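Encoded as structure tokens, the following chain is the form predicted alone, with no partner shown.
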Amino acid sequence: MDGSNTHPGLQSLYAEMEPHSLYPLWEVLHGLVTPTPQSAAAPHLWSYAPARDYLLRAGDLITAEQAERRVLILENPALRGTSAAVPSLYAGLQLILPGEIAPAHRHSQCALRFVMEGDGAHTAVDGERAVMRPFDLVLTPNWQWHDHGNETTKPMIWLDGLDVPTVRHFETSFAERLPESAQAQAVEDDQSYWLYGRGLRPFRGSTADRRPARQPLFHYPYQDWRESLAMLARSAAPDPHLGHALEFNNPADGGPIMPTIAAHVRLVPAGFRTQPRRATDGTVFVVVEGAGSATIDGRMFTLHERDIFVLPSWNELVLQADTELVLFGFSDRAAQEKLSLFREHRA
């Protein structure tokens, strides 16, 4: 207790108030309104190889139909029992084996899929299939029907990122499942990419303008974003704190890809070490290419391709690239910016 709150009658008052669910703010204010963010999450890295092995073993024991979604949750060790990578976001590795379908459903939660391995399986969103290739980013916006299918001969694995903890916080979760496992195909594969992803869009009000106005694009191919990142690296000096960085945006408004989730990619040149940076958004990173290290609040993690690591809010990050290092990251920055909460500090 603070030294100024030592009046002998206070403890008696507290005891009388407690049955009425009344408590003194002055006893806990220092922990509620902190000078800087105090994340409940811990920095952590999941090595891809052992996680992949466990996931494939699960594939021998339970089908995608039985599981509805065959996923291994990447739960932050400091957030046991929450199914959260950081307090606002969920992450997991999903497996679809050849010939399988992950059944069609929809839900309040926004979701992204970042392809880790496999080539040619698909995600269908409201009757349109996005054909998935390594390191593609595919979105399933909230309350849009989606299913996944693998018509290839090899397993398909991707990283799921959802705002499950955020929706849980607001107590706004709804979900439905279609009677059929897969949706009927309504248009050609990747139609929205060709119609909305190249600085164009169907004329408003025309019959071709079938995607939701607030979020028309849901496929961001690796080939496109990697070429853009390489162009940036050739044409400009790296930012001291980020390296070369590009944000994915929603062509409808130029903002983040989803209302609660932002995503970006970074390229750190070989031999480059970033200056320390802190930001309030909790972030999940995937190592797409290269090797190096991430030092988070003084704790160093060695990075290899396809490893996944988490950066909690307001933890200091320094990246060191042994070879050219390419990272994908998603975070809760979109929600924070809408609430005027986002902040960063560059040392």
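A residue's number is simply how far along the shown sequence it sits, counting from 1. Computed from a predicted model, the values in this text were never measured in an experiment.
This protein has a second form, the form predicted in complex with 2,5-dihydroxybenzoic acid, left out of what is shown; the following refers to that one.
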| item | value |
| --- | --- |
| Contacting member of 154, 273, 105, 210, with respect to 2,5-dihydroxybenzoic acid in the predicted complex [4.5 Å, heavy atom] | 105 |
| Residue among 192, 94, 250, 166 with a heavy atom within 4.5 Å of 2,5-dihydroxybenzoic acid in the predicted complex | 94 |
| Residue 136 within 4.5 Å of 2,5-dihydroxybenzoic acid in the predicted complex, heavy atoms | no |
| Residue 100, heavy atom within 4.5 angstroms of 2,5-dihydroxybenzoic acid in the predicted complex | no |
| Residue 132, heavy atom within 4.5 angstroms of 2,5-dihydroxybenzoic acid in the predicted complex | no |
| Interface membership of residue 160, 2,5-dihydroxybenzoic acid in the predicted complex, 4.5 Å heavy atom rule | yes |
| In the predicted complex, segment of 304-312, 49-57, 30-38, 63-71 with a heavy atom within 4.5 Å of 2,5-dihydroxybenzoic acid | 63-71 |
| Members of 127-158 lying within 4.5 angstroms of 2,5-dihydroxybenzoic acid, judged by heavy atom, in the predicted complex | 146, 148 |
